[in-house]
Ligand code: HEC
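Just the one chain here, laid out as structure tokens, in the form predicted alone.
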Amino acid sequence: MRLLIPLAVLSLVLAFSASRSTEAPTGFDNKSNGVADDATHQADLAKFEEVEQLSDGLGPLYNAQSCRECHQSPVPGAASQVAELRVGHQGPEGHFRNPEISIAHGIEVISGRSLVNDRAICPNAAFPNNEIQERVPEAETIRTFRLSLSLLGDGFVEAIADQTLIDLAERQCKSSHRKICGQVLQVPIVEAPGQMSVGRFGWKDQHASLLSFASDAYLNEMGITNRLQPDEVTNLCNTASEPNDMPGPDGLSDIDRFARFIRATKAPARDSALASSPVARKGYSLFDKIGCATCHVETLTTAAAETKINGGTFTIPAALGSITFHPYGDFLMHDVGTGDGILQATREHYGNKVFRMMSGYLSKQDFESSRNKIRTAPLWGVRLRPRLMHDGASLTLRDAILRHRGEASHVSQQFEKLKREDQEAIIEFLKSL
């Protein structure tokens, strides 16, 4: 007896809501999906591409000088092969511990984050003797790289109702007799103090809100402080006033424009010619038959327009309301045998103030069990990525499939049992996404 929900059954489960929904617009044309008019979207795109300078507050520790640097291929907002470094160690009690990284010859120790920034603004002319570059201590033996994720279509992902993801996780677990159980994590909405929602962004599902996500990246990837993340990682070499990201004449700051830009992006388009080919259609059927679609869910539908989300701070607009889209992902956490053993760094992602205020709520989340879990990578746009999985260590689609273990062991074994031509059909289907 098959243990996995076939794609057809999942589609029937969502049939009622989908029947009243509109298909999400797709494409790589840099045009708005309707959340903003095109002129506003182009202005937000320009801000997304803007290169930060020292005078803007860049650093002192950072990885990139613009959002586009990590989200570019083939268009701004998409993925890239930029990888960030995360490390830590196992404590004596067996739990993960964030690293302690000494900088400036021991003057300061960076803690509370697993991210290690690759770049620093010192030494420079103003601070010739300040060497603040982070280097990984030998004691930090848990180490991994994580590729940047595509942001295209994430406005639709943000607009998924929490209950949709909760119900999806429950169906997976029940139908597979607990062999495949997506984990749901409730995470803080940084712009709505005290409020939490189901995480869906980042490799560890650390954010539910695109504004929270943007503020996190602005500080931790570029070193730009903002109203939601006002504290520098280090004040050494820092001369810019805080927060760096101040509102403009329209009352919006950069993080607001980043979030609006992402919300207005279209979903990744498929290779329509390949998708309609007989071999890809055969691969689509086999993809479902062997169980890939249990986690790589084809179709999801957003909540209705006018629904308030993100702790009441954002109202779903008509362009994102009751929209059907096809991410081939469930946005849940799973152990597929590739986990890196690194937990969410809650103080890093949510800031000191939220961390202190919500430490009690955060402690109730089973973060420790997610050490070796990774958010299901949505497969839309996967054909445009030469490096695969969270760490980029898989270089072919076949490599990525065969690397699946843990909860996905049965599925990868089913793939290995297929005739070579059937395996190739599945790969051709993936190449159409």
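Computed from a predicted model, the values in this text were never measured in an experiment. From 1 onward, residues are counted along the sequence shown.
Keep in mind the form predicted in complex with the ligand is missing from the figure; the text below concerns it.
(message) Is residue 371 part of the interface with the ligand in the predicted bound form - any heavy atom within 4.5 Å?
(response) Judged by the heavy-atom cut-off of 4.5 Å, residue 371 is well away from the ligand in the predicted bound form.
(message) Taking the ligand as it sits in the predicted bound form, is residue 208 in contact with it (heavy atom to heavy atom, 4.5 Å or less)?
(response) No, residue 208 sits far enough from the ligand in the predicted bound form that none of its heavy atoms falls within 4.5 Å.
(request) Spell out, yes or no, whether the shortest heavy atom distance between residue 66 and the ligand in the predicted bound form is within 4.5 Å. (result) Result yes; residue 66 sits at the interface with the ligand in the predicted bound form.
(message) Taking any heavy atom pair closer than or equal to 4.5 Å as contact, tell me whether residue 146 reaches the ligand in the predicted bound form.
(response) Contact with the ligand, yes.
(request) Decide if the three candidate residues 150, 292 and 375 all line the ligand in the predicted bound form, where lining means a heavy atom within 4.5 Å. (result) Checking in the predicted bound form: 150, 292 and 375 are all within 4.5 Å of the ligand.
(message) If the cut-off is 4.5 angstroms on heavy atoms, which of these, 185, 342, 320, 180, is the one near the ligand in the predicted bound form?
(response) In short, 180.
(request) Check each of 346, 324, 338, 253 and return the one that places a heavy atom within 4.5 angstroms of the ligand in the predicted bound form. (result) None of the other options qualify; the answer is 338.
(request) Tell me the stretch among 91-99, 214-222, 263-271, 132-140 that has any heavy atom within 4.5 angstroms of the ligand in the predicted bound form. (result) Within 4.5 Å of the partner lies stretch 214-222.
(message) Just to make sure I understand: among 98-133, which residues lie within 4.5 Å of the ligand in the predicted bound form, judging by heavy atoms?
(response) Contacting residues: none.
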